[in-house]
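In the structure tokens that follow, the same protein chain appears in two forms, which are kept apart as structure 1 and structure 2.
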Structure 1
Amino acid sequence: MFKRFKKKTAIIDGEKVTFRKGATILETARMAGIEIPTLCHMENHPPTGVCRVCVVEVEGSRTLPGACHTPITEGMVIHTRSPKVLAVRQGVVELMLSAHTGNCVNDPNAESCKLHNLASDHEVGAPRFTITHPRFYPIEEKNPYVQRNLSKCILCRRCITACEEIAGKNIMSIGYRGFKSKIIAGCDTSLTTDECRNCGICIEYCPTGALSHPENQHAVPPSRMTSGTTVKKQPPPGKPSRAELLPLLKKEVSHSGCLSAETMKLVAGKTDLSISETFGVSSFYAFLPREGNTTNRIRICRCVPCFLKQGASVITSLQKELGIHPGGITSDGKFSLEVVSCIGACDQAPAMMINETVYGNLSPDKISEILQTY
């Protein structure tokens, strides 16, 4: 067969391209002079694939894969600017614009914002996708070297990579989950000089105005920019590995009911992870509460099967009986109440759990009787 001796080829936007094994679509396209927009991507660092601006159409694929992380393979037919790609890319940019609080209109630095530029390149007009309560955080000016205005953050995570892999620190991480996701430092406290000094590397990598040099501070001298070199930390021998983190956190919760900042620092020390990373992991999971030391946790389901069976009236009755709202704790500290996702007891809907025990086929009048057994 001739084929085996041929160079690997694929087609991007009608052009035949050659590539080496393991190359991504993005790398190959750039080599061929075809530009694909990116935001979260950092050259010479492993891709994270979070922003989805670089999506392209690959013939035969159900979805639009990200060019920055998808390996190009023999015979692939790729379109980087088809109408489908452009429409979806525009949608992604619109969502980013809607989800952050940017006052770009009167911001003199707007031209240096990559999102802003991307929006004008893709002719994004008035947003179709409205978000009334975009992510908003007060500006932080505690740190004389880095000013954080996280309302402008688009969660591209470049600062985390820059801090960890270029600066060799591990100050920032991502906390919470879903729409509430946020770039955090420590236990989501403001960035202080205790951890963060004047390397300023994260600022250079922030595509928006979320991280900046405070006005009285000059840009970092270029000598400090050690772009592209990766510092890898080795865990010291004898410490519990990262894999122990979740079990350790769960143990703490079953001991003391919740995870205080102190506990998290303790666990971070044990596992040799940074505090921000420990906080980042724990704030992701619903069963690792950070406050509310209570004896009995009531978790009641609010998903469709329970909702069909008058789950809402059971929740109302619980609230009345306990005198608290979801998220609250009774004044004697005996019960906490949470409204949660499906607990897998839909055959006994509506259902709730008190600690580990499931109570099914609930009705408002059964509540007080159940609570009395605690």
Structure 2
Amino acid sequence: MFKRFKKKTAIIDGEKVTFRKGATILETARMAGIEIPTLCHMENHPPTGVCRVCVVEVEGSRTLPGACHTPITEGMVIHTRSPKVLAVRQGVVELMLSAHTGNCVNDPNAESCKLHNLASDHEVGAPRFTITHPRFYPIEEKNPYVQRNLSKCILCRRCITACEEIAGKNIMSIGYRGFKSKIIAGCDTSLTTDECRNCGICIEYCPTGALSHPENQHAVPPSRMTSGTTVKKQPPPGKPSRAELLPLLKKEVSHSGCLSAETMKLVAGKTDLSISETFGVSSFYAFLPREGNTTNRIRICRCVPCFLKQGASVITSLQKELGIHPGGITSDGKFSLEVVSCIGACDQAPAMMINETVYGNLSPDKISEILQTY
């Protein structure tokens, strides 16, 4: 006789639900007709959990987990619209709106923006937060197939997933870090017809209208769209894997002093990765410079330990001594100055590096003496 298995159950918003092994909270809720909002999630694709809109409250948990990537377990008691959940969602949406600098007020297509609708559903008004570095980008209209307005981008990464796993092209990636993070193509250039043509799949997955069809183009026919996932390419035998990308980039820096666009194209070819992915990795790490022509590269830390020990005054002293601001190069090409997130010398805060040498326990009066040794 066949053994009868007891169905596993959980409770979502007071309703008893059954679920299959390995299911997430989001999948189970939707099967039960309970809607949990999402922005970054794509059906039939691995969850990324970057937008945090789908947070829920699980009794006994000290945090609000994301429903899209959290497995549901036997006996879970889940609340999808508790006061705590709604407050967090409102805050998340407000933060995204503050960085979403597209002109939604005058946009006739604003109603198709999922972020706009989410803000309306959760009664989120104008953001209260002041953005120090607002993200304004010019609209890219060079490509006749895809128009990009990155000022509307919320970094949900759906376009990257659609391009790589559905179109199988792997043109876009995420670049830089912090407030400078953005979706990039190639070495952070505009989309060209050499890279992206006659497709438009990414447009259909963009939730905010950051990607759109130019006026003279029509939407991609439904037959072109597929929810299936393509198998990611594996490096051919003998080629380095993705895990070896960073060591390869470091090797190129030690050889030539910086990573030019041509160098990154060369490295991308060696690893069988896209140029945008290679550039994205290089732009994330401050120790992988993309510009050269300086004799001595100064990197000074701005992290909390340095900040608490008057690191700001040391940075000011450096700027005065060199006559340049962070990101600049002295007129004689002898020094460049970069303010970075961390150099791994917190025990010597405030600290800086000149080339590969660390100088710690700095004070403004030490700067001139150090620079004179170079």
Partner chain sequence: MPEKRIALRNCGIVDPRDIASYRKAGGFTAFMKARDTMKPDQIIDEIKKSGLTGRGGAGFSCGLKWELAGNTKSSRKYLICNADEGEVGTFKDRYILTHDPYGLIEGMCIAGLAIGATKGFIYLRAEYHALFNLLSDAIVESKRNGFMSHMDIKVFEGAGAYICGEESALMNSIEGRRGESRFKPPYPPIQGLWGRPTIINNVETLMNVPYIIKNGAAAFSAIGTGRSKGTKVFSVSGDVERPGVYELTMGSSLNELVVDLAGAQGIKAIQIGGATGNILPGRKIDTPLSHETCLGSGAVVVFNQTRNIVDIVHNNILFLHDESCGKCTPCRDGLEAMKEIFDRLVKGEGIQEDIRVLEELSKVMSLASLCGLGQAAPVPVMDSLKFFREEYTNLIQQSAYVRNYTAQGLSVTL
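Superpose the two forms; the largest set of C-alphas matching within 1.5 Å is the rigid core. Just so we're on the same page, residue numbers count up from 1 along structure 1's sequence. Not measured: the values here are computed from a predicted model.
Trainee: If I had to pick the form predicted alone out of these two, would it be 1 or 2?
Mentor: If we ask which form is the one predicted alone, the answer is structure 2.
Trainee: Taking the rigid core as reference, does the Cα of residue 30 move 2 Å or more between structure 1 and structure 2?
Mentor: Comparing the forms between structure 1 and structure 2, which are aligned on their rigid core, residue 30 does not shift its C-alpha by 2 Å or more.
Trainee: Superposing on the rigid core, is the Cα displacement of residue 304 between structure 1 and structure 2 2 Å or more?
Mentor: After core superposition, the C-alpha of residue 304 moves 2 Å or more between structure 1 and structure 2.
Trainee: Has the Cα of residue 42 moved 2 Å or more between structure 1 and structure 2, judged after a core fit?
Mentor: False for residue 42: its C-alpha shift is below 2 Å.
Trainee: Core-aligned, what's the Cα displacement of residue 368 between structure 1 and structure 2 in Å?
Mentor: Displacement of the alpha carbon, after core fit: 4.5 Å.
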